[in-house]
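We begin with a single chain expressed as structure tokens, specifically the form predicted alone.
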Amino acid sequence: MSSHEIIIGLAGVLFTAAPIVFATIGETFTERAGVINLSVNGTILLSAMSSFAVAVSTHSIFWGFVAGIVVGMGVALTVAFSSIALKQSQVAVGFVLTLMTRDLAYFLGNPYMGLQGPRVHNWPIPVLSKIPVLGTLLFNFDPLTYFSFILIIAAWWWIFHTRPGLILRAIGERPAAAYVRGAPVNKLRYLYTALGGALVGLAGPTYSLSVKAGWKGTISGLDGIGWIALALTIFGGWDPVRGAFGAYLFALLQWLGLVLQPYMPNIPSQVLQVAPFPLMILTLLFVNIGNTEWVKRTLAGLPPDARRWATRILRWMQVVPPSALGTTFEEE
């Protein structure tokens, strides 16, 4: 494989990871606020179908994206309302919703299967797109991919370097303390759940109007992406930058599955196509492996230098969920 083909492939990784970045950062906002939205997988499918259907019907990509975002917000707010107002389990409601929205996408999308529709085109950035290597790698995408780059930085800055971000972390960690200090906990949970749902909803049209243009029902290849986004939220430690890194890693593994296929003819192509999913699960298991007793005993038996480096790596990988994640809060 030539260096040019590698650069094109890596650019493709950044392109195909964009919707996963949207969904992962959206769920990061939601869970930082203390709400678990397990409907992500079904939401991506329903928003992908809805946005494509609206874009085909109105001949407008803009209204297609609006439809996808509205679907995402609506499903997420259903989870928030069920939890905050009705005191129902976020996990149970989210899981039922992901099954319902998935089946709705397949059922309502039947008339649109295989149709040709509008799609988002690349917008090469003048001058920058002509730079050798970097031009192809970073400056020759559609607006959605550029937005995914900006979103990573903006979300990280908002959560960790602004006062509203501090309040967001507080309502997910210590909602009672945040409320005493004047934060409207439940209103903010609605707000951030809606924001997270909008970003998850944006992932759908990013697929059906850009990355995998069109709607092909059960063979669209989108079922399961939402579960990966949920896993990446945990893998990233509820940090947008680490979560985005996980999204790019997953897209890279998918690309490598295609690249390595000609060199491994004895391995069925389905194995390499599915491999990124169990690999991400395995990576997720390593996130908190440093807390296990057998690992601590193993570290104790290592030479001092090796133990020091291993401990640093395990601490970097370790994540701690927001303390109030999945709980309800009564404002008195």
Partner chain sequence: MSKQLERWGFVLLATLVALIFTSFVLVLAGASPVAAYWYILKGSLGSWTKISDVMVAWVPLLLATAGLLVTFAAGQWNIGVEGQIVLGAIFTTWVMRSLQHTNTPAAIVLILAFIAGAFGGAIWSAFAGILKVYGGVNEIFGGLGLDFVAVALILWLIFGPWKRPGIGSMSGTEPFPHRLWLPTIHGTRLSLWALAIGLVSIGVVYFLLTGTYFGLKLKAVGRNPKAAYLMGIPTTKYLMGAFIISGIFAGLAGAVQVTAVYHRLIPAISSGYGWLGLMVSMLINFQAAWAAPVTFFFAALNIGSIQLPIMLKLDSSLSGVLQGALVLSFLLLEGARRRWVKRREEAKNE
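Positions refer to the first chain, counted from 1. The structure presented is a predicted model; accordingly, all values stated were derived computationally and were not measured. For clarity, a rigid core is taken as the largest C-alpha set superposing within 1.5 Å between two forms.
What comes next is about the form predicted together with the partner chain, which does not appear here.
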| query | finding |
| --- | --- |
| Which of 98 to 106, 148 to 156, 197 to 205, 126 to 134 lines the interface with the partner chain in the predicted complex (heavy atom within 4.5 Å) | 98 to 106 |
| 4.5 angstroms heavy atom contact with the partner chain in the predicted complex for Leu285 | yes |
| Partner contact for Asn186 in the predicted complex: the partner chain, 4.5 angstroms, heavy atom | no |
| 4.5 Å heavy atom contact, Ala92 to the partner chain in the predicted complex | yes |
| In the predicted complex, Trp63 touching the partner chain (heavy atom, 4.5 Å) | no |
| Contact residue in the predicted complex, from Met73, Leu249, Ile234, Leu144 (heavy atom within 4.5 Å of the partner chain) | Ile234 |
| The partner chain in the predicted complex - contacting residues of 310 to 330, heavy atom within 4.5 Å | Glu330 |
| Large Cα shift (2 Å or above) at His59 between the shown form and the other one, core-fitted | no |
| Large Cα shift (2 Å or above) at Val13 between the shown form and the other one, core-fitted | no |
| Rigid core superposition, Leu314 Cα moves 2 angstroms or more between the shown form and the other one | yes |
